[in-house]
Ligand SMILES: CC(C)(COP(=O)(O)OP(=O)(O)OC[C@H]1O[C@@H](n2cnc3c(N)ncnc32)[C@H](O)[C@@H]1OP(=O)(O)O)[C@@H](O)C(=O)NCCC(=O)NCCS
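Okay, so here's just one chain, in C-alpha cells, the form predicted alone.
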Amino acid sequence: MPSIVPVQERYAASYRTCLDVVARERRYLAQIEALPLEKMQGFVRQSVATDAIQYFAIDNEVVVGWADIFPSWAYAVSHCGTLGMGVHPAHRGQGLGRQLLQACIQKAWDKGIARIELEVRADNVRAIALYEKLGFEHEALKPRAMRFDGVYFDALQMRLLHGDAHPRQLLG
C-alpha cells in the first residue's frame, strides 16, 4: 500500500512524471502537460522551504499521487487556500485521494487556513463525490470554464470552511 508523505525534494522528478501522466489525460487538470523538470524541481524546493501544504502518495519510491493547498497571497484572502490534486490512473480507486486530502486539510487547519477552495470539471463525478464526503459544498457552476481540443466543459466551484467538516470525515 502506498504511503502518504510530506513534499520532499528527492521526489521532484517522480512527481513531475505523475503530474504529466494525469495532465495528458486532458480531463482532470487544467494543464495538459507538466512543466519542465528544472521548473518542477524549483517548485518542489520552494514547497519544502516554506513547509507547504503538499503531500505525495509514494509506492516503491515513486510518486503515484499528490495533493496540495496553497494559500492566497493577498492579505484579505490569505486565510483561503486552493486545492490541487491528482492520482495516477493505475492507482485510482484505492483511497489515496482521500488520504492525501485528509493530510492536506488537517495541515491547512493547523496552519490557519479557514477556507479551502477548489474547481473541478462538472463531469468528474468520482472526485466530486470524494469532496462531498469530506464536507466540501457546492458554491457555483461555471459554464464553459475549461476547453480541451475545442470542446468546452463546465466546472464546479466547491469550498470547505474550517469547522464545517465533521471530525469523523477527516479522520477516516
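Numbering starts at 1 and follows the sequence shown. Everything quoted here is computed from the prediction, not taken from an experiment.
A second form of this protein, the form predicted in complex with the named molecule, is not displayed here; the remarks below concern that form.
Asks: With a 4.5 Å heavy atom cut-off, would you call residue 117 a contact of the named molecule in the predicted complex?
Replies: Contact check for residue 117: no, nothing within 4.5 Å of the named molecule in the predicted complex.
Asks: According to a 4.5 angstroms non-hydrogen atom cut-off, is residue 79 in contact with the named molecule in the predicted complex?
Replies: Result no; residue 79 lies far from the named molecule in the predicted complex.
Asks: Although the named molecule is absent from this view, report whether residue 127 comes within 4.5 Å of it in the predicted complex, heavy atoms only.
Replies: Output for residue 127 is yes: heavy atoms within 4.5 Å of the named molecule.
Asks: Closest heavy atom of residue 56 to the named molecule in the predicted complex, within 4.5 Å or not?
Replies: No, no contact at 4.5 Å.
Asks: Would the named molecule be touched by all three of 29, 87 and 97 in the predicted complex, meaning a heavy atom each within 4.5 Å?
Replies: All of them do, each having a heavy atom within 4.5 Å of the partner.
Asks: Which residue, 142, 133, 138, 45, has a heavy atom that falls within 4.5 Å of the named molecule in the predicted complex?
Replies: Selected option: 133.
Asks: Tell me which of 118 to 126, 104 to 112, 47 to 55, 33 to 41 has residues with heavy atoms within 4.5 angstroms of the named molecule in the predicted complex?
Replies: Going through the listed ranges, the match is 118 to 126.
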